[in-house]
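To begin, one chain is listed below as structure tokens, in the form predicted alone.
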């Protein structure tokens, strides 16, 4: 049995232990009485808040029961927010308005994280500064263009038309400097997320080098943020993989090892199911494959000699939230399975048990037909994401099906979250206001059983890596995608404005498509050419030194921080590919 089979065992054992505690309350009067006293103490310690209408409410909603069996099922099976197994939330308080805590005021960090990436670095920088006017804290999330995602320079053959399209073009450390210009990279209230996978170590090395330029080497331990870097997901669903899987995992391990030691506030991998969902995975497939990939990374990093209690707290997760019923409780189930698996299968401490989740509303749910309905779809998805106590969230723009988001719809996407979190009273006054309904609990049980069945199937195939080589996850996602499209075509999955209530008289609206001009693309090539010319005497030496580190088994990421000073993304990718080869899919 591999570790995934062990996870199934410990989760099932945990569920039995919860039921044992429930049964104990019915035969052990002393235990039942103590649970009641504990419950009353918990209730007595919950502060009240008066809302603008004058009514008073507790800051934490608990089930209205004094029945010991129900108390046991809640405390042991779900846990208070911030307590094992974290079903009701990773932390004790989330989203709440600032409140008096003794003599000090506390404020929970805003979960909104807005995504941007367009044109050249200065264009995205301008968009970032625009977005910060619609956020209380600075949490930037970065999209890169196609050539960058594949580790290519903007001057590579055949990519000119893709430069700066659908994301920002980043070729050199100078581009990275422009991208985050005038932002306080080492500030405790500033963080950056980079949606990059195959070339993730190179892009993160550029970011570290830029921070070192601006603030000196002491800034490195202060840097906050996330780089996606999830190579398993790329093989299983998205295809943006450059090097063979073994080499890709080696570069990832080097990055995790370095950041764990020197960048304690950085998340070096965001284990992502979002792209699986976008490729067609069902909610259960998305969650099961994401968590199973997470457990596979834990197993790999431990085999490298890393301490699970050091790297475990720096793992984060990324899920889609669409309108299917499963999303009513999907993140709640994931928090439980991760916590139980990490504690009981891997011996991890509490900080490594936390399932730290970023959610993005569903891109696949957005359609071009009567596209303003996408505003409602995204709002409903946001409500589900926050009801599941996501740690951070990105809301898609309504015009994304046909263009890089415009300022108008980016602003509306940001305001959708602000309305829910700041204007609405659903989240800012009381924790758990929307959780714990009978329907939510039913969904939890059904989703958990289905996810454990997926774990069992992966275990039968020899584990995550073996299943990936057999293209199991990819084939399952493709089958689900085909079924999804069939359901839309035959009308069994209604899509308002497309296959139901569609107005034949409605004409496609005239929209401004955001594009990168030919002049800007040429400017990027000119900058790149000048960079290569200035550094031509140092670049070959830097690449040779990088090659020595690769061949001798050293930490490649640590060396990349120096390599990027003189070499472009494409130059580095090409040299690494010469050394380790390029990815070829298994047929």
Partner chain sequence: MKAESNRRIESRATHPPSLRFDATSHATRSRPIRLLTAVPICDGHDSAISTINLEFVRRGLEVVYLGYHRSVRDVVRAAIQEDARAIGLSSYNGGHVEFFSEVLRELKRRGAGDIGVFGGGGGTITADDAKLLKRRGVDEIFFAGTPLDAMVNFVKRKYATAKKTFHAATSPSARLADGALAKCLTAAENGDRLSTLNSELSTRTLGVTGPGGAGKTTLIDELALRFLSTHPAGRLAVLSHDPSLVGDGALLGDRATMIYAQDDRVFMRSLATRGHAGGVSRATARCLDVLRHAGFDLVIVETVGVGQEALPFRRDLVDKTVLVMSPDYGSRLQLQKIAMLDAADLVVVNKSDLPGAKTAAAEIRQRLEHNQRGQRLIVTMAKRHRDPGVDNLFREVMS
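Since the structure is predicted, the reported quantities are computational estimates derived from the model, not experimental observations. Numbering follows the first chain given and starts at 1.
In what follows, reference is made to the form predicted in complex with its partner chain, a form of this protein that is not presented.
Segments offered: 191-199, 116-124, 152-160, 260-268. Contacting its partner chain in the predicted bound form at heavy atom distances within 4.5 Å is 152-160. Contact check at 4.5 Å (heavy atoms) against its partner chain in the predicted bound form: all three of 146, 582 and 585 pass. Although the partner is absent here, residue 482 sits close enough that one of its heavy atoms falls within 4.5 Å of its partner chain in the predicted bound form. For the chain shown alone, residue 513 is a contact residue for its partner chain in the predicted bound form, at least one non-hydrogen atom being within 4.5 angstroms.
The closest non-hydrogen atom of residue 574 lies beyond 4.5 Å of its partner chain in the predicted bound form.
Its partner chain in the predicted bound form is not approached by residue 91, whose heavy atoms all lie more than 4.5 angstroms from it. This chain is drawn without its partner chain; in the predicted bound form, the residue among 239, 362, 132, 391 with a heavy atom within 4.5 Å of it is 239.
Put simply, of 303, 419, 498, 323 only one has a heavy atom within 4.5 Å of its partner chain in the predicted bound form, and it is 498.
Contact annotation for 385-403: residues with any non-hydrogen atom within 4.5 angstroms of its partner chain in the predicted bound form are 401, 402, listed in sequence order.
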